[in-house]
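Given as structure tokens, the chain that follows is alone and in the form predicted alone.
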């Protein structure tokens, strides 16, 4: 199989990606124009892609194509879309925007309510009632190979969830037993919050690892990396970013931020 030959546009795009990555990392030093440029490009391109997908995936098939096919009822959402922009046209006509907003909120609430109840609430309630007999048959008391699944985990789930719910039962009399259950519920909550925070940090670290792999050329096949020269691009772009930051700093850049701090 012949190695793929990248075009000049692909190579230039890879260099721009590396330069923008280093521009984002420059925020670790200070909020500077390089970082702002990379941030604005990211936001602008993201919004542009979202608007394009929204047009071709929602507006065109559900409105324009239906109007072209002679669907008279499609005039109603068209008029409501126009009413949404009435606030921008005139302050006196701003009240017209409340009508489609009310329809959007009501429809979304109705659809979301049933979807949340069926997809999240009922599923969570069902998973909060583990089958202990099935857990004993499949995993016993504790199964290290199945990430701790077993009867102990099932009982701890029920007891911990009950303690968390009772912790928020403020109308109950706060006796010694209730206070002990409440403290155990707080402990379970702290454990769950800590695990969620740990997963969040791991996700951010994985993103940083992905950026580092791009800077070193480890995210591409060897033949493509040899054409892009990502390590050379990282050095060149890094030197340019550092040189710009030095000049920007010598010319008084960031002085207003330091005064505000």
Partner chain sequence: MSAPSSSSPPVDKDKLERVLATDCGSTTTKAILIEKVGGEWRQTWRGEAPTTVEAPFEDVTRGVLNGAQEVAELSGRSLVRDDGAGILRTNGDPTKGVSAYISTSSAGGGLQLVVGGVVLSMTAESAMRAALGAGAIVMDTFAANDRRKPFEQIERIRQLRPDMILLAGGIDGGTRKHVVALAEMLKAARPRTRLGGGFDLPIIYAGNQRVTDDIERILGEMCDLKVVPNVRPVMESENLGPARDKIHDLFMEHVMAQAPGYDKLMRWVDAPIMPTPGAVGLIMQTIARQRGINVLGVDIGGATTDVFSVFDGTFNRTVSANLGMSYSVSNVLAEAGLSNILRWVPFDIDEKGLRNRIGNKMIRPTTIPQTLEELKIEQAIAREALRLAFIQHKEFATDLKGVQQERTIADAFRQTGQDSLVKMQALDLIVGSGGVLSHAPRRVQSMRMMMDAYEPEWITEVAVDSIFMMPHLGVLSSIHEEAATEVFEKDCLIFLGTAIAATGEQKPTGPALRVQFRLPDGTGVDESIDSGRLRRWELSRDDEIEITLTPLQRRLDVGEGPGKARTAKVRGGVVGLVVDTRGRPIHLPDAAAERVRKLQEWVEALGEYGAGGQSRWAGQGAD
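Positions refer to the first chain, counted from 1. Just so it is clear, the structure is predicted and the values come from calculations on it, not from any experiment. In this text, the rigid core denotes the largest set of C-alpha atoms whose superposition between the two forms falls within 1.5 Å.
Below, we turn to the form predicted together with its partner chain, even though it does not appear here.
Engineer: State the residue from 79, 190, 141, 73 whose non-hydrogen atoms include one within 4.5 Å of its partner chain in the predicted complex.
Structural biologist: Spelling it out, the residue with a heavy atom inside the cut-off is 190.
Engineer: Would you check, heavy atoms only and a 4.5 Å threshold, whether residue 145 touches its partner chain in the predicted complex?
Structural biologist: Because no heavy atom of residue 145 falls inside 4.5 Å of its partner chain in the predicted complex, the answer is no.
Engineer: Residue 186 versus its partner chain, in the predicted complex: is there a non-hydrogen atom within 4.5 Å?
Structural biologist: Because a heavy atom of residue 186 falls inside 4.5 Å of its partner chain in the predicted complex, the answer is yes.
Engineer: Between 218 to 251 and its partner chain in the predicted complex, list the residues on our side with a heavy atom within 4.5 Å.
Structural biologist: Contacts from 218 to 251: none.
Engineer: Would you say whether residue 178 is displaced between this form and the one not shown, judging by a C-alpha shift of 2 Å or more on the superposed rigid core?
Structural biologist: Where the cores coincide, residue 178 still shows a C-alpha shift between this form and the one not shown that is 2 Å or more.
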